[in-house]
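Read the single chain below, which is given as structure tokens and is the form predicted alone.
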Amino acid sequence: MLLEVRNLRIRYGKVEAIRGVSLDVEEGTLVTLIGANGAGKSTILKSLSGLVPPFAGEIRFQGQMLAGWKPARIVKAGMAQVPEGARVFAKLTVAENLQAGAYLRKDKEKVALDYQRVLRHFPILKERLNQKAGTMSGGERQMLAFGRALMNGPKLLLLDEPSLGLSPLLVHEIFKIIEAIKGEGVTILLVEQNARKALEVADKAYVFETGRIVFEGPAHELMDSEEVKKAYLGG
């Protein structure tokens, strides 16, 4: 198992945001976390990345316990996150943002191959290499944030609301790219408000409600579940 989370509990002050969550991500799969806003999905990703330490529970990545690991060490081990909100280095160019994604890597030949892969998936970035990231549209910045994470050469890619704020056309394009990257062997853990699109591309899904998992199983089965349809898929 690539990622194992057991009985994870996370607090913000006295508020328990995550209450005993356990989940697994097998290598080569796409797993999605869906649920209402504020259910704790993004908090899970922040904890996996080392940004929000849990007060109880275990996180194992490639068999290693991540307790006490700093974010940089987690990235170097092969876990990269695309945060919500298309966060990029606004004053750097597109090329510099992509290079920053590979900062911790020493495998220069593989980095060069990943650079070409990113430009193949996101041709708009190839056209804008010398443009300052802060002058790009929201959709373009989302693609840049996605590409920068891929420059880490991740074994596990964490995607936090990649379609947030994008036009329907761009949402369709982003999900095509997500499927293509999965097809290249990258394991993906996807947090997504668009539950229907997430379930369409995922192998397995976990449904969150107020800090806990209320449903889990193969994505196609949850797509057909009347309870999930009624609560999260608009009937």
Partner chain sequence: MTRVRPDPDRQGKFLGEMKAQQKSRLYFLGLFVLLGLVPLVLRSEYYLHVLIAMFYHVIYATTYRFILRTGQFHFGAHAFVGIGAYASVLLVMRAGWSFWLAMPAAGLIAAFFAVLIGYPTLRLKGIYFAIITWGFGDTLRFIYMRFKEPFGGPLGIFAIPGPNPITIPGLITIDFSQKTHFYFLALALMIVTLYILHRMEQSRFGLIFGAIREGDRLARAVGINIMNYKVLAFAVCSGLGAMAGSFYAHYTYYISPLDFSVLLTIYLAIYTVVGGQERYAGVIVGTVVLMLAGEVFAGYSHYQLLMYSGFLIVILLFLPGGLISLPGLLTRVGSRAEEKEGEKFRNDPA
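Numbering follows the first chain given and starts at 1. Keep in mind that this is a model prediction, so the values were computed, not measured.
Missing here is the form predicted in complex with the partner chain; even so, the following discussion is about that form.
Interface residue among Asp203, Glu209, Glu179, Glu58, judged by heavy atoms within 4.5 Å of the partner chain in the predicted bound form: Glu58. Using a 4.5 angstroms limit between non-hydrogen atoms, Leu166 is distant from the partner chain in the predicted bound form. The closest heavy atom approach of Pro53 to the partner chain in the predicted bound form falls within 4.5 Å. For the chain shown alone, Trp69 is a contact residue for the partner chain in the predicted bound form, at least one non-hydrogen atom being within 4.5 angstroms.
From the list 195 to 203, 26 to 34, 167 to 175, 45 to 53, the contact stretch for the partner chain in the predicted bound form under a 4.5 Å heavy atom rule is 45 to 53.
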